[in-house]
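Given as structure tokens, the chain that follows is alone and in the form predicted alone.
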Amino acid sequence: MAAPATLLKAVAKEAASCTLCPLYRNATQTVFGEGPVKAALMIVGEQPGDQEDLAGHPFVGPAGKILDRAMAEAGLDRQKVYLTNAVKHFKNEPRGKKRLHKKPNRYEVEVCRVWLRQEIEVVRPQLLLALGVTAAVALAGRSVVLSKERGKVIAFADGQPGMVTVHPSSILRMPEQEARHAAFAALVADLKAAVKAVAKQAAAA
């Protein structure tokens, strides 16, 4: 059987030419996950944004910078985390010279799960952390209310231990600085809880 790193490269190569849903038509490229093959923590966002779509790497835009800051405060090394998205193409609506983000629909999320499932199978993380409702629904296979389920370990659809928190982009959209600070602190707290959960899973293994 091929080594995990080789398997992941093969999946990424296959995903690069994905035409399973219409989103590829309006995107620059597939943005596949990145990180260590045996990462203990896998963080899953909604979809690549404009900058990720152009660069071909996940979480390199404004939301990614907030996530980087939050991970640093939580004591998480980005290089040791596997980062990916529920949907691999940037769903957008051209508006002049800009491309406006559009939320993926249920069909697009479901179709793209073929790639997310393979990432999970190869990396085999001890914990999955969903950023935002779209990622949470993709992993849980059911509706998720973040306010009720964030901060605690829950079982996702395949029995995999997981947690949910907000997507960093939601912090960017908050108009008031005080609210942004509070939301950022809550994200850091959720990331710290994820670190503790990973340690607990490792100790029990």
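All values reported here derive from a predicted model rather than from experimental measurement. Heads up: residue numbers just count along the shown sequence, starting at 1.
There is another form of this protein, the form predicted in complex with ligand URA, and it is not shown here; the text below is about that form.
Asks: For Ala63, is any heavy atom within 4.5 Å of ligand URA in the predicted complex, or not?
Replies: The answer is yes: Ala63 has a heavy atom within 4.5 Å of ligand URA.
Asks: Against ligand URA in the predicted complex, would Thr165 count as a contact residue? Criterion: heavy atoms within 4.5 Å.
Replies: It does not: once ligand URA is placed as it appears in the predicted complex, Thr165 has no heavy atom within 4.5 Å of it.
Asks: Spell out, yes or no, whether the shortest heavy atom distance between Pro58 and ligand URA in the predicted complex is within 4.5 Å.
Replies: The answer is yes: Pro58 has a heavy atom within 4.5 Å of ligand URA.
Asks: Answer for Gly35 alone: is it within 4.5 Å of ligand URA in the predicted complex, judged on heavy atom distances?
Replies: Gly35: no contact with ligand URA in the predicted complex.
Asks: I need the one stretch from 48-56, 175-183, 22-30, 151-159 whose residues put non-hydrogen atoms within 4.5 angstroms of ligand URA in the predicted complex.
Replies: It is 48-56 that comes within 4.5 Å of the partner.
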